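Read the single chain below, which is given as structure tokens and is the form predicted on its own.
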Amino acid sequence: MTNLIETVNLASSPADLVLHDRVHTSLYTDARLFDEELEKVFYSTWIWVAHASEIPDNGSYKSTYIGKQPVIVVRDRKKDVHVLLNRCRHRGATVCEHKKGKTNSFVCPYHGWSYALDGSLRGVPHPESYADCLDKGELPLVSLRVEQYNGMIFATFKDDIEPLVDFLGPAKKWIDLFMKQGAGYGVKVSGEHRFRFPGNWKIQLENTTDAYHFPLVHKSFLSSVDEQTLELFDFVKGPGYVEDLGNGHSVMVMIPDLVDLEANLDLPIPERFEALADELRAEGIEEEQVRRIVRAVGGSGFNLNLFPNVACSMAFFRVLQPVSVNETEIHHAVITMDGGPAVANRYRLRLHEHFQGPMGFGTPDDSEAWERVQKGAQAGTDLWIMLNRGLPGEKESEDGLISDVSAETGMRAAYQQWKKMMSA
């Protein structure tokens, strides 16, 4: 091990920092690596920026970030979606400071340059001073390449990388399964909460594909639920699995019976949802649809990690935004049924608050664990992060590698993609 450490410390390539069963601690702590990640990862691949429900109408917009660059996701008058750099082409000021809303245009507050929803420059105050040295057609807001899959909107700075559907690969079928939480109404983002933790973004990336921590870190959550739910979440020794889906993506199936929410709808309704089912029946909803809605309210039985910045995590979207080498912003977006029964969506919101909310039983415990990892990474900076759990039982699957539900297969998949991109 001493020779290996010395080789890493002297190495010039990030590739030496990722082995098949471990990664070097410097991936959490090296500011130079962080800057390189922005260029080679976040500015060089498909990045999730929004769900279509967040910009439903002409003029609807959402402001967000790709890496550290501010962008606007907007739907124009023709219903086309654009992702624009949030920077005036005159002197560089942001043209949008609101997180979301509706507008007819974007106007720079500094000198009043105005832009249409597609980013084209429409107006310049007092243009006579420019005479013939200003061509508005040459100065639109910078527009990124945008593609969508099943309501998931991605953008990239690169025009020469593969189409989004190829990048997603086998993950597409899991996105389709996740979206069944709309119960036929469609999926809608109905709010989010944001928080920051003092740690590297990859610590959170690992967490979404980590079942091993659940019984220990989430004892408070498990102590707050009924016996039936407790049994459902006792999955570490269960039949679930983690699968590498390629391109850094992975899926962690914790509750196999809840992979396809529209299968076996004739099974008994869980006790905790019986009151909801009765309320839906009282509204005149047919029994089969009642069962679809109840199943959707409970969420899916898997976490889908899409490298590098978003997860479809059981019943919500988890989005990570790198801030610095030791700070990350997390967005937890609750999803409901678009146009679905109000009572069902209220149930959904309360379930989200119970675990993911800022006063919930899950997220505060997770974030403390992430903070402790970053703190511990300052000690023994020549040491390694172990990622070898599940290796002995790992096998080839139709889509990649597969192992038991507590395996670190998904983390290994993400770091191999990181290694590939950082070595390019």
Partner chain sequence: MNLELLNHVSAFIWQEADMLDHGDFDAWLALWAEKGTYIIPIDPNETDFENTLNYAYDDHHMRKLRVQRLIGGESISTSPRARTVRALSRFRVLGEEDGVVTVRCAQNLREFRKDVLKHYTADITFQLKREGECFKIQRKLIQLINSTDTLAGIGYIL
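Residue numbers count along the first chain shown, from 1. The model shown is predicted, which means the values in this text are computed figures rather than measured ones.
From this point on, the text means the form predicted in complex with the partner chain, which you will not see here.
Interface residue among 385, 52, 369, 377 relative to the partner chain in the predicted bound form, by the heavy atom within 4.5 Å criterion: 369. Contact with the partner chain in the predicted bound form, defined as a heavy atom within 4.5 Å, holds for exactly one of 236, 342, 265, 165, namely 342. Every residue of the trio 191, 219 and 359 has some heavy atom no more than 4.5 Å from the partner chain in the predicted bound form. Between 58-66, 22-30, 386-394, 359-367, the stretch whose residues reach within 4.5 angstroms of the partner chain in the predicted bound form through a non-hydrogen atom is 359-367. The partner chain in the predicted bound form is not approached by residue 139, whose heavy atoms all lie more than 4.5 angstroms from it.
For residue 352, a non-hydrogen atom is located within 4.5 Å of the partner chain in the predicted bound form, even though that partner is not displayed.
Looking at residue 288, you'd find every heavy atom of it more than 4.5 angstroms from the partner chain in the predicted bound form.
Under a 4.5 angstroms non-hydrogen atom cutoff, the partner chain in the predicted bound form lacks residue 325 among its neighbouring residues.
Heavy atoms closer than or equal to 4.5 Å to the partner chain in the predicted bound form belong, across 91-108, to one residue only: 99.
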